[in-house]
Structure formats: structure tokens, C-alpha cells
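One chain is shown next in C-alpha cells, namely the form predicted on its own.
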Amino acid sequence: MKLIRRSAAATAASTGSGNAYDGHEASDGQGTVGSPADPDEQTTAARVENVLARAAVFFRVAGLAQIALAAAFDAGRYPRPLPTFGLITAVAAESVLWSAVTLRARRNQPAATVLDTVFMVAAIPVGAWLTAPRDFHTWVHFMYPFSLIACIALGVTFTRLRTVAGLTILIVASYTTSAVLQHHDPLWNSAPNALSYIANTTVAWAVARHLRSSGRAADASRAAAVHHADELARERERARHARMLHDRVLQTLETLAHGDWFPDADLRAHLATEAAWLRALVEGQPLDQPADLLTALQVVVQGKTRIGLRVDFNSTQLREAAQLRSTLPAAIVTALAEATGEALTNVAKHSGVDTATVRATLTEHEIVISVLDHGCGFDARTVRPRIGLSHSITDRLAEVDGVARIDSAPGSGTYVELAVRLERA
């Protein structure tokens, strides 16, 4: 069985890159952005995440610079120089590792930021222990200014404020506990310093939220513009084809239908009907397509019968599913009817036989229309796909997210299956 599938040519909205935080996709209305026209081109939302990652790393570097200045100018004020140097080395190494992970991913990584927060929660009391009581409220206690700057990463990494608040509270608790228990600082005195953490992470979260929202809006606008441009291009192509059909095919059909070229009155009537349908299509008038799938397929079968093709139409399951049938979107009904008609036209033109079987199946999950003939068939590997197969059948089904399966072999006939899943519909 050969499977032929094509996706609709439209720019779809994709899940916003950069919002898959807190272990799953963001569900606070922040997770949809437009896809770029070029798949290799970075979306605005992705660029925003890159900027936020670089900003977090920049703040981390600023925090390390404060540690370096404190160690350089006040090294003699630390009562335990060796452990102090060890803590500084550990903070620098952890910061370099965190920054490398962030820059490599081009976005803040939730897991890395959580581990970074745990490290700071543990390092703050160690830094307080290594600082003399007289220097606790100076930059000699380097873990406070460093963690105050580094915690900004929480605000720009997580999209949920409750996650940011929960991790910030851990840092606040670590600082407050070390201040009160280790240096006997009054709670009313350490509280303002502790609240600075909350202010930093909350403001960072609000700024990041605004930037992400702006990035998604820009991507959505761009996707809409690309989609509109595609629709305009298709409409212009339709207009060009309509002019060609009007100037050539339509004029010929109407001449044959109303002249005395054919003595067969039924044939002239059929030509007149087809000419009227074509004129309505060219002039953009409603084609009065049946809204019911069973009726639409019956019209198709009757039309092919008039040109000499005998069609065995098995519609038992379709008749029994009247309730489902009545709720089908008109676009799907039209697409299936037109694709079925093209498949039957191919039987009449190329199979070498004058009989075909059409079977319609409709379930709660899928619609399947099959067209079978026992004609000459063809080798799909060597025969160039005809426009009827590639456009009137395969592409027509793709417009409604359907699939066309075509199975044929020389001397074994041709089987065409048209399927549309109702979940997609």
C-alpha cells in the first residue's frame, strides 16, 4: 500500500518556545506563538528567551565581581581565610557551570536554576559563619549581595509566579535564619534585607512576562501576515486559472452544449449542466454543494453514470449514521465528494473498464470513502503522478487534514481510499 500524504500549506501556530518551564508547558495563557515562515529562522519568542538568559548570566557576573572586590580589598577582615577562599572558589565554579549550561541552551534552564537556588540556600549561612559579626552588614558578607543579584535568575526562568515566590522564600529563610541565629540580628533589622530578595525576583518575573508576551504577540502577528500573504497568493492563482478556464474551456463547453455538434440530447444536457457549474465557479458564485455527505456522493455517482460509467455505490453504513452524517462540516463534505469524483473520472479515462465500486464508511472517529476498479492499473514507481491524483485528490484531502491512500499495480486495478479523522475535523 502506498501512502500519499501532504500537509496543508499554511503557517500554523506552534507552541511557544521558552515557556516549557516548571516541568511542563505553561498553562497560564503564555504558551502559543506563531511559527516563522522559514523553519531555520528563530522566532521572536526564542530570541526573547536568549536575551533573558544572557541577562541572567550578566547579573551573575556582576555578583561575582562584588565577591572579587570584597576579597581583594578586605581580605584581612575574614577570621577564617582558608575556608573563605574555599567558599569563593565553590561559588565561582558553580556560577561558571550554571552560566555555561544557560548560554549553551540559549535559555534559562529550570532544573539548573533550582539546583543553583539550593546551592545559594546552603552557601548563605556558610558565608555568614565566615564573616565577623561587625562586618555582617557590609559587603564583606559577600554572599548577601551576590545572592541578591543572582536570585534574579529565578524571575526570568519560571513563568509561574508561585514557583518564583516559593524558591525566593527559601533564600529569604536562609538569610533570615543565618542573621538571627548566627549573628543575633534583630528580626526587624534583617527583614528589609530579606524583602529585597522578593522585590528582585518579582520585578524580574514581571519584566520577563512582559517580554515573553510581546514576543509571542510578534510571532502571532507575523504568522497571521504570512498566512494572509499565502491566501492572497492562492486567490490570485485561482483568479488566473478562472480567466484561463473562462477563455478556453468554458467557451468550448457552452458552444458544444448549445450547438448542433452532438445529436444526443442527453449529452448536450450534460454539457450544459457542466458548463453552468463551471461558469458559477469562474464567476465566484455559490456552487450549491449538498451539505449532506450521502447526497453529495449520490450526485457524484449519478453524474458519472450519465457519462457511461457504471458505479456500484455501497452506502449502507453511511445511511445508518444519519446523525453523525448531518454534523459533518461542509468543507469535508465538499472535499470528499470532489476527490471521489476525480477518482471515478480517472477510472473512466485510464482504467480501461466501465465499472467501479464506491464504498462509504462513517464511524465516530473516521470517514473513509474507497473507490475500486479492476482495470489495467499502473506502476506508481514508474508512472509520473497525474495532476488529478496529486492535486484533485491528494491535495484536496490535505486541505481538510485528510489522507489519500492509492494502491495500484499493472493488471491488478486501482484502489483509492480517502480518509478524514473526525478529531481533526
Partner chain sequence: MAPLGDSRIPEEPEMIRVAIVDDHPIARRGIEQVLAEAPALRVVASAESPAALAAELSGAEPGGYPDVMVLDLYHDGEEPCLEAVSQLSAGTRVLVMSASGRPADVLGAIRCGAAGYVTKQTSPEMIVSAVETVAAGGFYLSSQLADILQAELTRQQAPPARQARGGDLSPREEETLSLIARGFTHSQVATRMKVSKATVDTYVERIRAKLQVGNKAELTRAALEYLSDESVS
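Here, rigid core means the biggest group of C-alpha atoms that superpose within 1.5 Å across both forms. Numbering follows the first chain given and starts at 1. Remember, it's a predicted structure, so these values are computed and weren't measured experimentally.
FYI, the form predicted in complex with the partner chain isn't displayed, but the following is about it.
**Student:** Can you tell me which of 262 to 270, 170 to 178, 199 to 207, 236 to 244 lies within 4.5 Å of the partner chain in the predicted bound form, counting heavy atoms only?
**Tutor:** The contacting stretch here is 262 to 270.
**Student:** Using a 4.5 Å heavy atom cut-off, which residue among Asn50, Thr361, Gln42, Gln66 comes into contact with the partner chain in the predicted bound form?
**Tutor:** Of Asn50, Thr361, Gln42, Gln66, the residue with a heavy atom within 4.5 Å of the partner chain in the predicted bound form is Thr361.
**Student:** Taking the partner chain in the predicted bound form as the reference, which of Arg162, Lys349, Arg310, His228 has a non-hydrogen atom within 4.5 Å?
**Tutor:** Among Arg162, Lys349, Arg310, His228, a heavy atom within 4.5 Å of the partner chain in the predicted bound form occurs only for Arg310.
**Student:** Does Ser214 reach the partner chain in the predicted bound form, with heavy atoms at most 4.5 Å apart?
**Tutor:** Because no heavy atom of Ser214 falls inside 4.5 Å of the partner chain in the predicted bound form, the answer is no.
**Student:** Is there a heavy atom of Asp401 lying 4.5 Å or less from a heavy atom of the partner chain in the predicted bound form?
**Tutor:** No, Asp401 is distant from the partner.
**Student:** So in the predicted bound form, does any heavy atom of Thr295 sit within 4.5 Å of the partner chain?
**Tutor:** Close contact is absent here: in the predicted bound form, Thr295 is far from the partner chain, nothing within 4.5 Å, heavy atoms only.
**Student:** Can you work out whether His374 and the partner chain are in contact in the predicted bound form, taking contact to mean some heavy atom pair no more than 4.5 Å apart?
**Tutor:** Heavy-atom contact with the partner chain at 4.5 Å: present for His374.
**Student:** Give, in sequence order, every residue of 308 to 326 that has a heavy atom within 4.5 Å of the partner chain in the predicted bound form, or say none if there are no such residues.
**Tutor:** Counting only heavy atoms within 4.5 Å of the partner chain in the predicted bound form, the contacting residues of 308 to 326 are Arg310, Asp312, Asn314, Ser315, Thr316, Gln317, Glu320.
**Student:** Is it true that Arg268 shifts between the shown form and the other one by 2 Å or more at the Cα, once the core is aligned?
**Tutor:** Indeed, Arg268 is displaced by 2 Å or more.
**Student:** Relative to the superposed rigid core, does the CA atom of Thr361 travel 2 Å or more between the shown form and the other one?
**Tutor:** Yes, the C-alpha position differs by at least 2 Å between the shown form and the other one.
**Student:** Rigid core fitted, is the C-alpha displacement of Ala53 between the shown form and the other one 2 Å or more?
**Tutor:** The answer is no, as the C-alpha of Ala53 shifts between the shown form and the other one by less than 2 Å after core alignment.
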